[in-house]
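Two forms of a single protein chain come next, each set out by itself as structure tokens; they are called structure 1 and structure 2.
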Structure 1
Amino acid sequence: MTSLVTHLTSVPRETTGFLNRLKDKARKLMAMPQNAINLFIPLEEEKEDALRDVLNTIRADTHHNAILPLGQFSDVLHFARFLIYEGPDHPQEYGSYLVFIANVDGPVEDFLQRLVNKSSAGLDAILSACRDYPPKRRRTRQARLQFLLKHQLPAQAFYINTVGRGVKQILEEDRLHQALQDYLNSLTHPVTLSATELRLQLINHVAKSPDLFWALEPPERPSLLWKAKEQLRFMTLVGLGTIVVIFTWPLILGWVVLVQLKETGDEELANRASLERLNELRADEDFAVHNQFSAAGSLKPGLVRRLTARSVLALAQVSLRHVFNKGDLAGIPLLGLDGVDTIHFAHWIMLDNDQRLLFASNYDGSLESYMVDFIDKVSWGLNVVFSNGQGYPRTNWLFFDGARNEERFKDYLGHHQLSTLVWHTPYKHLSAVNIANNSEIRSGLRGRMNETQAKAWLQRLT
């Protein structure tokens, strides 16, 4: 895309403007409203310690620190984290990466551009520890941006709790919720109005408050054109998938049997990580309603596993993007499968030529409750994806057992969890359920409701 821009420099101004707008439109149509940034940048060994110091300064106050105050991006930036992850040949050979993972509204390039424009000094402080970062005199904005873009890795699968809900909306609707609570608190209880009357009173209050007035409008949502495109994409994929299944089902069946045969011979990790290590990890947790989780591990060797992992992630990606995009991960009532409504974002990223897989998520509650949710509610989903990892508790037919083996599973995570050196959240007091509820509160300010509907809506104001 950037090469396109350079080619266009000779074209007259108006045309560029028009083309740019067109290009922008096309880009918006193709892109998701929320995107994942995954940067993996090789480090210079001798600079790692200094980098850790820099990251520690950021960590102390991710919003306002002097190096990279992430609070200034609070209109588009959801969660962000920095890690340092060892190379595939560790400890024989140094190959650590600086990892930056973030969830942003709008295109990744736009965010990185803004990052470069606003925080070039801060970026330099961090990136100068990286291999091949341009030397001082050659550090233009463009050079920095190029460097960042060059080190992007795609997420093989990416979960967005609710596609289309931006951070601005989340923060605004939080304000709305609080304002309505304050208003309700100013009334005499028990309120003697009917639900419909009370609702109208609340709507009136919002309409009269200049700082809440916006809430009467629906939130900005992806365009109809975008939705149609997504539908089309999904249908095409389902269609293609069906065709593939029809023609290759014996092959797929054989494949599954092959994997099942392999499963019975797979080694499972049968011990706990050291207590010191686990407590070190715990020391970074439970400072907000939600937590970060980062983990990585090696895939089981061999083509079968590699292909299984790739296909499963590809399938996961289709379902995450097109099915599990409204607040519930992996819930399929028709099949009696339960989902979880506590995950904000999650990424799966293949590394080192498919030798390793990194998983990063932002979830509500403590790690204990997160693991319990995994085990109790979505073990099948985890099993399919993670059973390709070395040492994962033994699965059966890909879906069964695995994570249901509570302690083996917890131990497995303990061995593979990575320390998240910096973690940023712009709404540390809100759970995913709160955020969804706030949106429902807002949308209930519009339209007609009968008494029953109004009653149900008012109960959202708990």
Structure 2
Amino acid sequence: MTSLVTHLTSVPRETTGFLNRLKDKARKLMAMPQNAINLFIPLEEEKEDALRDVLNTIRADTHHNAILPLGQFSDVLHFARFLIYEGPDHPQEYGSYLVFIANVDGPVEDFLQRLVNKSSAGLDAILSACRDYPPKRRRTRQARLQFLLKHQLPAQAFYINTVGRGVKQILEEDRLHQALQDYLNSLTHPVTLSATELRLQLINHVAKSPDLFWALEPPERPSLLWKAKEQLRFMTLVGLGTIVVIFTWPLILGWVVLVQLKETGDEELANRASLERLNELRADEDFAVHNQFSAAGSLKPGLVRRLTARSVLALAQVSLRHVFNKGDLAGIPLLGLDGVDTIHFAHWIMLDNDQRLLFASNYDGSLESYMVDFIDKVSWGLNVVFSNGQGYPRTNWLFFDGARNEERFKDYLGHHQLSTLVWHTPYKHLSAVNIANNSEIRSGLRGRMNETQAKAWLQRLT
């Protein structure tokens, strides 16, 4: 009788566990394939120097250091950085913040939970410098996780180069490329084969290799459920936006005129950052084929500018999430292959009750070429967002001038760029060009090709 009662009372628990697992699976299916982590945590002033020492130790080897080895997350972590944001204005009010910005595959909470589970001691070494971090006797895994979640800020706009292309796929396809190159180099007389024959030989090699045959299958893509939800979301937003414009266009036009009136009195930064400061920033760059960029500044005072910034970022987010999600950020070209964008990820984050804006990105090439790409291709986009910041080169009707004044714009960035203390990526040798090319190599292992198509595909292996 006792065993029967025990069995009956255990059924609800099993059912609850099953339902929880089902809910968790549904949550992951509905989540964005890649997500942004933006942690902003106030620091204790007297502990800032010690924190810098800890971060410098991590910086020396971000993959395998003894404090927080980020290499252990290389199956889901694309990019990560630590900053200390001192705040350009009113330090007595804002103080300093520890900033952690990352791009991960899967839900944010899942990554943070894994971070806590694997690196509690490392987190303690870093976060003990932060205000209100739990004391030692209360530092449970759950307490650490809740502390991180409490300081997570949403990105008002978030750009992903190619939605659904995860770290695992990027690294595996790079390994495939290297293996195919090695096999080609081992062939005695490859030039005697036609392009189609050589391609078939490579396909057979992949099929017979236990560590490569996975490449004959297409990569995982976002679920149909997620795609349907995204399509419905986009159509709903477009419909609502159209209705809003139809019924409020006079108000929108009046708002634009009001912004234009304010633009005539905007003050510009008229001096360059010190050479010492610029050299310090450049010292953080060019350690890989990509670079990081972080900049922040105060918004111009008044409700008009704050609402303009919020509205522009909301529109940008719709475009970035639903339109520019396949290697193209509003026309910025890739310097090479297939028109894929040079930017991997980008975040726009409002801070301090919309008093400040932080921008962070990961991009290929030098900062100079990165800035020129933006100025030449999307200066209007820079203007509508960043002209709401104090000291930005004066714009005209929100879209015009501004960043087109190249020297003044570069001076503005020099004053607002932030130093990155730690920057990590598991694929520092792979540009967006390389990543896109590797995906095309894998795709070329399937289907039929004529001689011309096979030649073009084989050229991707050189």
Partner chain sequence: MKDAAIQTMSYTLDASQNRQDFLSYPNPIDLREIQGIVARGYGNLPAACYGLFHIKTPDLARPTLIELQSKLTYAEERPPLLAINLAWTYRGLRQMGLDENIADQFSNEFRSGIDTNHKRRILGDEGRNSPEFWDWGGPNSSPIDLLLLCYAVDQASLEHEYQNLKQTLAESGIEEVRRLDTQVLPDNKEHFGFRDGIAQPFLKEFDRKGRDLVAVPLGEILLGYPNGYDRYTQRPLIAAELDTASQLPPDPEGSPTRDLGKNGTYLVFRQMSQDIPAFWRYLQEQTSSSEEAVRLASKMVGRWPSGAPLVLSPEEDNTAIKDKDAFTYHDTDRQGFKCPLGAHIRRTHPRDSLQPEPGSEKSIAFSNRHRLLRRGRSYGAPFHPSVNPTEYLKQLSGTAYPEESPEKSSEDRGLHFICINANIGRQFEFVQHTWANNPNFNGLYQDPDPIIGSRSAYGLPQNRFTQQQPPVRCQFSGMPEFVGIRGGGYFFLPSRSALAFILSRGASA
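What you see is a predicted model; the values in this text were computed from it and never measured. Just so we're on the same page, rigid core means the largest C-alpha set that superposes within 1.5 Å between forms. All residue numbers here refer to structure 1's sequence, counted from 1.
One of the two isolated chains is the form predicted in complex with the partner chain, namely structure 1. Residue 182: CA moves 2 Å or more between structure 1 and structure 2 after rigid-core fitting. Relative to the superposed rigid core, residue 452 shifts its CA by 4.3 Å between structure 1 and structure 2.
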